[in-house]
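Take a look at this one chain, the form predicted alone, written out in structure tokens.
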């Protein structure tokens, strides 16, 4: 036999069946406690018991004979039963015998009607209404399980092939108590524990003879990005006028209880829909920049990365503003402070609905002309009642940290009677199918119901901004192709032609490793997480808001580089160009993009202020634990009879080996003592 044909297997590989695509629940911490799940250092294991429906659930928790016959259980639970009620009943019935929980999804068509582990009132810990007794349950189906701490690991199988393998083994071995049964091992040990304060302190402690410190956790945060038309600069000695800045906000993060190293993160409705509208609007503002450049108003587009957990990114943005660090970069640019803000417009929690709600607060400052014009241009928009409670939105922190009588905020969202329209708020089930998109058939220039809906929103919005801030009436249109491309890039493949058209080769190549990957909307940790979402947004935003005058100039890459040497306020990039966005009749082999764009850390100010006590609640102090191994393995647990037989056979073999060794030793001595015949 040829040596190359030998394929040895480790014993461990033959003992276990691994599920490498499972999602896992991890540990996170804040200033007062920890949330999430984890296993012991060696993993948690136990007898697998599968529960598919309410009847099977009730049958199991009342079967004391079965429960008493095993030391520990790993419960495989239909994801439709993953609610506070069922989880609490399992923990009460099994006590310390509950060694882990494995959720499974039978098929994409069997997903629950509602699935959200966020609170019923998201981000209520730091809302604008913190000291008020009235609480609005914007997410009434939220069960809050994300914010609970569990003493056992949880994992989730969402691939149908993995579910079918799991069921196959379970049915094969779990026939009766007299036959071998299936066991599961969940390994999700987390380094961090207790609180963020404890964990950050432990980060600097040496844990080995090599005197090298081990990082236990990382602060939550990514990058805030902001961009504007590059012509609108206020450079000293020129002073920025009060009420001259309009901020347009969108979020770029979400969270879900169960993470997967490679796979969709959810966030199609929140925040992807708002982000696509946000970027489409940026294109129209860039397209009509001649109208806006004649005004003394600046429109700044801002994306916030970290607001899903207690608005950390907004706190950091306002902290920078208060300290004169907005905008960052050249100190000769007059800083923007709260008195310079004219108004804030935010796109938040948008869904594919026939009606959109516009919240304006405070009503005393809200401009009724702007509201009426917007509603006239877009009949889909309905005004909320004056001074209605605001939905979960970053604007709440802008109102809270400044004076709520300084400027109005306008929040466009999808809800019905103070309930968000998103049934999968902060869940990976919030996927493109909730937007009537078949992701498998979506192409780069596919026109979908959703992309047409975006067009119906963004064109009237841009038209209203021109009418209100410029004072002229003008019909503005965006090519459907541009929205189609954005939808494809954000929801299916960020390594799309668009990102390569608007970046240089070096930046574009960084997206190659994310081919066929949707834009990830998850909790980032600073500075360890790859900031691919922020890089993507900044690259697209910079190009859409570029100085269009340079589109008509056939500049070489060298000439573009020379321009950058004489301008410390704006950036210059030589790119291939995105044809649908170019208004010029002439097309060139390359374009010099002059843009104004900045990115800064969105990590909570609590981690940047010297000697800040992380147990305080002035700022959110979320951290995420580090881990080394995440694994889910299935194995076979033999029957009691089989274990006894194996033990007896082992003892007999051991005894026999001793006897044989004694006999061999005796005769060997005799043989060695015999004189040689020679």
Partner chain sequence: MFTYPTNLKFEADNGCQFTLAINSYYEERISTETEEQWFRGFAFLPLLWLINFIWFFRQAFKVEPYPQQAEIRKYVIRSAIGTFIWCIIIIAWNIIFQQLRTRLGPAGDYLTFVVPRGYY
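Residue numbers count along the first chain shown, from 1. Nothing here was measured: the structure is a model prediction, and the numbers come from that model.
Omitted from view is the form predicted together with the partner chain, to which the following refers.
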Note to self: Considering non-hydrogen atoms and a 4.5 Å limit, does the partner chain approach residue 191 in the model of the complex?
What the structure shows: yes
Next item on the list: Would you please decide whether residue 205 lies within 4.5 angstroms of the partner chain in the model of the complex, comparing each non-hydrogen atom pair?
Entry: yes
Note to self: Whether residue 123 contacts the partner chain in the model of the complex should be assessed with a 4.5 Å heavy atom distance threshold; does it?
What the structure shows: no
Notebook entry, point to check: Is residue 623 close enough to the partner chain in the model of the complex to count, meaning some heavy atom within 4.5 Å?
Noted result: no
Notebook entry, point to check: For the spot marked by 39, 201 and 214, is every residue within 4.5 Å of the partner chain in the model of the complex through some heavy atom?
Noted result: yes
Checklist line | Interface segment, criterion being heavy atoms within 4.5 Å of the partner chain in the model of the complex, picked from 574-582, 448-456, 191-199, 251-259 | finding: 191-199
